[in-house]
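Just one chain is shown here, as structure tokens, and it is the form predicted alone.
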Amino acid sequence: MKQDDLRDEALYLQTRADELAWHRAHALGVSRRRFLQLAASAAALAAADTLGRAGNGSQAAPADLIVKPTPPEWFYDFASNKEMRWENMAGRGYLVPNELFFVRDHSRTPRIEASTWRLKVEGSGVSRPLELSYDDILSLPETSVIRYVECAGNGRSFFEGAYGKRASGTQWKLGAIGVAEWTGVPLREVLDRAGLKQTARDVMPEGLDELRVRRPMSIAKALEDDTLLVYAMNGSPLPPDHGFPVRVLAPGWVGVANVKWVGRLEVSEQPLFTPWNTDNYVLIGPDYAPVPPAKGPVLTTQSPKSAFEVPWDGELPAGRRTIRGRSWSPFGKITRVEYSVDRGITWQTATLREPNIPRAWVRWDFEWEAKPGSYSLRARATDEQGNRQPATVPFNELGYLFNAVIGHPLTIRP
């Protein structure tokens, strides 16, 4: 398999899993088929790893988990995680301001000094290991892109309504996403300076948080133009809660691949696996079989979603109103958004507003003569590759990839 074929995360992960299975089978002196049977059985019997399942908001959080102010009128509070309230985006521009951007931490925001921070680039896949300072990073060629970052569990809370059982993890609605202008150094610039070998296979960023979050990517993905080592967000230095001094931006890949507070890049000539793509960020449930070495199919990209810029279960006065929202997809531009104000009985087409940037989102709106009563607004998006939000999605225990059409409760008062 050529490395150029592995820019798609789903194909990359499957290829790496196949390679690992083959090497293990060979080392054990058993057939590959028998090895896969044994691995699948072991995965089914293993106890669920608790990593990544915390942060469900059931306990109060110490004040020092997050650096920036997170008042309740801006965010839903889930301890070290903070969900953006969509109504605060109504009437705003295309980008999410830094102060309103959602926060997803696996532990707490580390406090890192730029003067002492270093980025190590090492491993069997480079011929000249590097150690770069913050000033070194700032001196390299820079670029800026507008892209979204979305938590893999965005929409998790809706599994309970659909299936009557709660998925594990933070009970996000749809506010675990944000679009920003990210400025930084193309990752390929750093890899080139470290003497990237032609035999290199994977790059694994590692964070400096308490859990050392790390998730590998293919060399092909690492060399894409918009895969960056980011140090600025919306024209300002990267805030601590969003990865200061440097984070990874891996557009189109699931949120956890965008490692924050990165302090090390391992470049390997061998496939790399971690708990973040074997035990967690995988699909576990009755519709998903183990995919050794992972406990289930590994998450790759999200799918199209839509959200209304009105309060959840809120109230608005009757009369003619402009209802706004946003839709996004990792696969390209949104080409159509349909809406329903009668619980999905009839659908109409919303008006799309420029800009409509791939791997970001599009704003849309429609006019509505709102009469008093209780409503369940619905929206569904279709992207330029024909992907459309479905009516249902299968349940999985960790609550990932919920992108089905949902009913947004709203009361219109006289």
Partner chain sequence: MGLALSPRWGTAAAPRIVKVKAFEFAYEPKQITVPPGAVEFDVTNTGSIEHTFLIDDPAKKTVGKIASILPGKTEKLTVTLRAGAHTIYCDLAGHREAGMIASLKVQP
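This one's a predicted model, so the numbers in the text were calculated from it and none came from an experiment. Positions refer to the first chain, counted from 1.
Heads up, the form predicted together with the partner chain isn't pictured, but that's what we're talking about next.
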Which pick from 223, 211, 130, 138 sits with a heavy atom within 4.5 Å of the partner chain in the predicted bound form? 211
Which one of 216, 178, 292, 169 is close to the partner chain in the predicted bound form, taking close to mean a heavy atom within 4.5 Å? 169
Picking from 190-198, 230-238, 90-98, 71-79, which part of the chain touches the partner chain in the predicted bound form when contact means heavy atoms within 4.5 Å? 71-79
Using heavy atoms only and a 4.5 Å cut-off, decide whether all three of 107, 275 and 397 touch the partner chain in the predicted bound form. yes
Exercise: residue 339 in contact with the partner chain in the predicted bound form, heavy atom 4.5 Å: no
Is there a non-hydrogen atom of residue 65 within 4.5 angstroms of a non-hydrogen atom of the partner chain in the predicted bound form? yes
is_contact(residue 281, the partner chain) in the predicted bound form, heavy atom dist at most 4.5 Å: yes
